[in-house]
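Next up: just one chain, as structure tokens, the form predicted on its own.
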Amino acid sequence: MSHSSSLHHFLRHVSIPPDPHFLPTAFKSCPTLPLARALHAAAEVTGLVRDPFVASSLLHAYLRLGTTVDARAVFDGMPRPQRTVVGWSALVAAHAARGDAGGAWRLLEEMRRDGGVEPNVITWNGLVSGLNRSGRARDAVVALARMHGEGLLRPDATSVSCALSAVGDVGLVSVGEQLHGYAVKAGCRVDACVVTALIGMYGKCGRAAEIVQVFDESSHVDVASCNALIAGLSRNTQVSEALRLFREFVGRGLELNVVSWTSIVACCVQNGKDLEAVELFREMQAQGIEPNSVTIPCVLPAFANVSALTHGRSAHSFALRKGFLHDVYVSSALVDMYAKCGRVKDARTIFDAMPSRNVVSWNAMIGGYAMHGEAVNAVRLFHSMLVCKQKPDMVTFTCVLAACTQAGLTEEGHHYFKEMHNEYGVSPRMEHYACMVTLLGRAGKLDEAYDLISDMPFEPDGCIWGSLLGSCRVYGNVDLAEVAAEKLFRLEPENAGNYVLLSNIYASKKMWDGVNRVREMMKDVGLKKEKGCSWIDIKNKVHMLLAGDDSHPMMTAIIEKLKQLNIQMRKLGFVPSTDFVLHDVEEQEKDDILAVHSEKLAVALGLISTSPGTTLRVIKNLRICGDCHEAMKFISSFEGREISVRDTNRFHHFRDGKCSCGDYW
């Protein structure tokens, strides 16, 4: 029998009236508002509501159950001597915790004016912490300033730590520094909660050096301050330092908890250290720390980013066993993981089984379809989303427009671009314009794409001009490419990819003077072409292959396999497309350069490491080049394999000599 039903049973069958010892205990453990009101009625009937302990317990029960109206009625019914600072403070804190700043301030004035009771430190702390927890951070800072300004009470460690959290939320680092100074003078600087709050405040305010300084100066290192340190460094992209310190904590035998491990995993994922995140997750489990419903959606993007499907499935099984799948964020992260690992049907299965969905869930599935070039399914799901009364947001329209872009649905893209603002009040942002520029550019409407850029209501960024430059590469439009490249060199002077793209456009037109000019520009700026990198998951281990790097232990066998494939391809009439090589070099040397692109290395490793017929899934950090695209089509047919390659733009599923993109990419 549950606690709730037991209490109902007692109220129906009790033959002796409740006494003043029973009721406070019952109020303290009362789970629901109706039961609290039933007990209240019993107290009224027996007259026990006038007992100070019973009344106080009832007051706090109502506040705990979230009804300040009932609580205030009980409080007003108490004799004036029983309306102590404890009751007033509880009411003030409850109003503040609900975000009712006005009500909290009025109560504070009323307790002084009508109640003749002066607020104490507990009153002010309840006000500050309540306002902060309810999202009224600025009001919380004002409350602490007023407390300090009245000069009657000195803020204690609780006041300072609550206020520091609020200061961080509103980014008032100068106020935070003043609080830091006060904490030192008041002697509460050594308090563990204050240390953690200082680290958190400086982290939110972007002061990475101060985060480490506060931690180093602390004589008391506990798991809370360590967690705050990792989170602060992560927020400020100091992932290497966060990893170093985390390893130090582990080495010192500090008893880190699931929050600690989740924080460092999230830190790695958010800062592009996916392989490290995967390894930390495995180490966390080896240490006996069980992931929770927050850890799983934190680590799943890492599995997705390196196509670690085996790890993702294990996390899925774990979440299923633990009952986490009812959590909308866990299920949404699983949808995203399966889609990014090439298993869009599995993603849809998870999506359809979700007991509830939010906009993140819908976006993950629509975005998954877009990534796989399944524009029809993406658009159909978008309309299902509208039928389900889920309002689309800016990410939704980015996914829908991206789907139209992948499939060349120019008219449909125009329609949704206009509809997003006219029908749903979502103002187009940079990413939406980038999709439209790509959509028009890939359809060969380069002048129309340029006109759209010219008419934008804000200054185009590198993504916009990059989209145009990419389309110029497809259609060999040198004049417009030079315009886009000039903008990009000014906006992103250190982005080597823009120089390489322009150089490739020159190279495809045999304009070697232009190629050399771009190479000299790169040399002057000190830039080098970003190396291609690919990942492939083989037998529960993620392998990273880097173009031009022979450090992989199986590289000799990989190169030998590629040579065999090249021989077979040439026998069957396949000729490498040397238009995709940056430099003006001899044809044979061009062939050698193309042979070691990272996706080819990854596929060759997969071919020699897995049994015939096994699907190969590869992730690449750059766009797949035309030569590799053709080579993958040949290999899929010759080897009888399905090969999935996810580049920075989309998925390419190669099977029987054809690609799912239909060569529209």
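Source: prediction; values computed, not measured. Rigid core (definition): largest C-alpha set, two forms, superposition within 1.5 Å. Note that residue numbering follows the sequence shown and begins at 1.
Just so you know, the form predicted in complex with the DNA exists too; it's not on screen, but the next bit is about it.
K.L.:
Which residue, 409, 137, 565, 231, is the contact with the DNA in the predicted complex, using a 4.5 Å heavy atom cutoff?
P.N.:
The residue from 409, 137, 565, 231 that makes the contact is 231.
K.L.:
Just one of 328, 320, 555, 521 has a heavy atom within 4.5 angstroms of the DNA in the predicted complex, so which one?
P.N.:
Contact check passes for 328.
K.L.:
May I ask whether 263, 332 and 360 each come within 4.5 Å of the DNA in the predicted complex, counting any non-hydrogen atom?
P.N.:
Result yes, every residue of the spot touches the DNA.
K.L.:
Would residue 498 count as touching the DNA in the predicted complex under a 4.5 Å heavy atom rule?
P.N.:
Looking in the predicted complex, residue contacts with the DNA do not include residue 498, since no heavy atom lies within 4.5 Å.
K.L.:
Tell me, yes or no, whether residue 235 is in contact with the DNA in the predicted complex, where a contact means a heavy atom of each within 4.5 Å.
P.N.:
Yes.
K.L.:
Hey, in the predicted complex, does residue 158 get a heavy atom within 4.5 angstroms of the DNA?
P.N.:
So residue 158 counts as contacting the DNA.
K.L.:
Give a yes or no for residue 340: in the predicted complex, does one of its heavy atoms lie within 4.5 Å of a heavy atom belonging to the DNA?
P.N.:
Yes, residue 340 lies within 4.5 Å of the DNA in the predicted complex.
K.L.:
Heavy atoms within 4.5 Å of the DNA in the predicted complex: which stretch in 343 to 351, 236 to 244, 511 to 519, 195 to 203 meets that?
P.N.:
Heavy-atom contact with the partner occurs in 195 to 203.
K.L.:
Out of 111 to 135, which residues reach within 4.5 Å of the DNA in the predicted complex, heavy atoms considered?
P.N.:
Residues within 4.5 Å: 120, 122, 125, 129, 132, 133.
K.L.:
Any chance the CA of residue 314 moves 2 angstroms or more between the shown form and the other one, core superposed?
P.N.:
It does not reach a 2 Å shift.
K.L.:
C-alpha of residue 120: shift of 2 angstroms or more between the shown form and the other one, rigid core aligned?
P.N.:
Yes, shifts by 2 Å or more.
K.L.:
Does the distance between the two CA positions of residue 197 reach 2 Å or more between the shown form and the other one, the core being superposed?
P.N.:
Comparing forms between the shown form and the other one, the residue 197 CA shifts at least 2 Å.
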